[in-house]
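In the form predicted alone, a lone chain appears below as structure tokens.
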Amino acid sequence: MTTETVSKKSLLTPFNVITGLILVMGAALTVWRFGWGIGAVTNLDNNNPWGLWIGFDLLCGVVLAAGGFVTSSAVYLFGMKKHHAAVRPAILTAFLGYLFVVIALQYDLGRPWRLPYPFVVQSGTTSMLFEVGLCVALYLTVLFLEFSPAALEWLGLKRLRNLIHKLTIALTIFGVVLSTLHQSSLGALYIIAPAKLHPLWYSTYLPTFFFISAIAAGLSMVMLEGWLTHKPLHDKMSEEYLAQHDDLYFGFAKGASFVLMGYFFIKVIGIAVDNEWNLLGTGWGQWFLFELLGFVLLPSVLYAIGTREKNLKLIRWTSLLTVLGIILNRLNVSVIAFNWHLPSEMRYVPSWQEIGVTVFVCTMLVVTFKFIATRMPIFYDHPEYKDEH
């Protein structure tokens, strides 16, 4: 068997074949969307102007990228130096998450060349969307700078790398402030729609709900990412990273348990303040309890048990359960429980093209993460900077 044959076989893996098909499909859908307009590929209308591309690609994408500010603040601001090996993977995930959120948003907005328009032509400073857009743009810049030392080490640009490395604390503080603003502001967007969002999900506390759940999502995503990358990228992980692996899980699981329990109680307080107890006996109430009990209270208890019994397997599966719960919550607020009062024939259901674009964007994120993580010092320290944390 020739070397060329072996090389071709190594490329024709199930992952590469499936990824290639998705990328081809996504390229075709991109041409379709921008060539024939948003109406040609979506089921959006005047009653449902926001759909899957906002509910999942934007809201879920932003909250699942919260591991960046959670991990960096834990290590650099709260002194959890023993977990420093987890910072770069978390920052990379957050950077790519926000980057592809912006890319995905262009499918919904169209006219990508007008992306900077609100900032440089006609700013709408009284709009909540302006605040969200500004914070996301600034935080994406912060994440790029936080990630750049790894890229600069790979490129051998020592002087520029050392300069940016000195800004670590300032960038971390700025990132936490920006994350606090836009994570909560995404919830505030739905405060203006009390007649459209179901009362069990609508609350004046939505900004608080979104921010606290983002912390739980960030902690859980760091653990889930570590689990999913442990086997395929094991050869790229340093002994130091692997040695910190278990302690990171136990520490983050403990923190996530407390955050989820706090989130559970403020959700209950929200129901009490609005006196919506009677709605819990309805069909929508059962769906709300399914989310609250199955994806908030249960993971909190499971994280606590996993931490107490040092059960890594339980913690890993609980991180997946928590992430799924956060996704369910964002979809409930933005799609499922939105326009709940409309007859079924007028309710929004995403088209296959919308789903295809979402799968395409997520696949590009995974491919980009793998490309960077296999080439740059993400899961290990560069030999020339081993003593700098």
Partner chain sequence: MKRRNFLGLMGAAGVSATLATKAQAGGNVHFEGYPGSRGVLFDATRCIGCRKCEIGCNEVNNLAKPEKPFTDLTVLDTARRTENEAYTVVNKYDQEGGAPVYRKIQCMHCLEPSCASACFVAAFAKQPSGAVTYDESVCVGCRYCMIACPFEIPTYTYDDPITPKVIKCDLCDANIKAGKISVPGCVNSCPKEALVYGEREELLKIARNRIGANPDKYIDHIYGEREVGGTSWLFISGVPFSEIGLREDLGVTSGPELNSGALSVVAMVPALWPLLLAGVYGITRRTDKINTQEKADAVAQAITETQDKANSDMKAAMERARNDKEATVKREVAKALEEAAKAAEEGDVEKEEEGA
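Numbering follows the first chain given and starts at 1. Just so we're clear, the structure is a prediction, and the values are computed from it rather than from any experiment.
The following text describes the form predicted together with its partner chain, which does not appear among the structures shown.
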Given the stretches 253-261, 87-95, 299-307, 193-201, which is the single one in contact with its partner chain in the predicted bound form, using a heavy atom cutoff of 4.5 Å?
193-201
Considering only heavy atoms, tell me if Leu109 and its partner chain come within 4.5 Å of each other in the predicted bound form.
yes
Could you confirm whether Val361 comes within 4.5 Å of its partner chain in the predicted bound form, counting heavy atoms only?
no
Considering non-hydrogen atoms and a 4.5 Å limit, does its partner chain approach Pro118 in the predicted bound form?
yes
Quick check on Ile266: any heavy atom within 4.5 Å of its partner chain in the predicted bound form?
no
Contacting member of Thr141, Ser238, Asn162, Thr180, with respect to its partner chain in the predicted bound form [4.5 Å, heavy atom]:
Thr180
By the heavy atom within 4.5 Å rule, which residue out of Phe130, Trp154, Trp317, Phe290 makes contact with its partner chain in the predicted bound form?
Phe130
So which residues in 36-55, when you check its partner chain in the predicted bound form, have a heavy atom no farther than 4.5 Å from it?
Trp36, Gly37, Ile38, Gly39, Ala40, Leu44, Asp45, Asn46, Asn47, Asn48, Pro49, Trp50
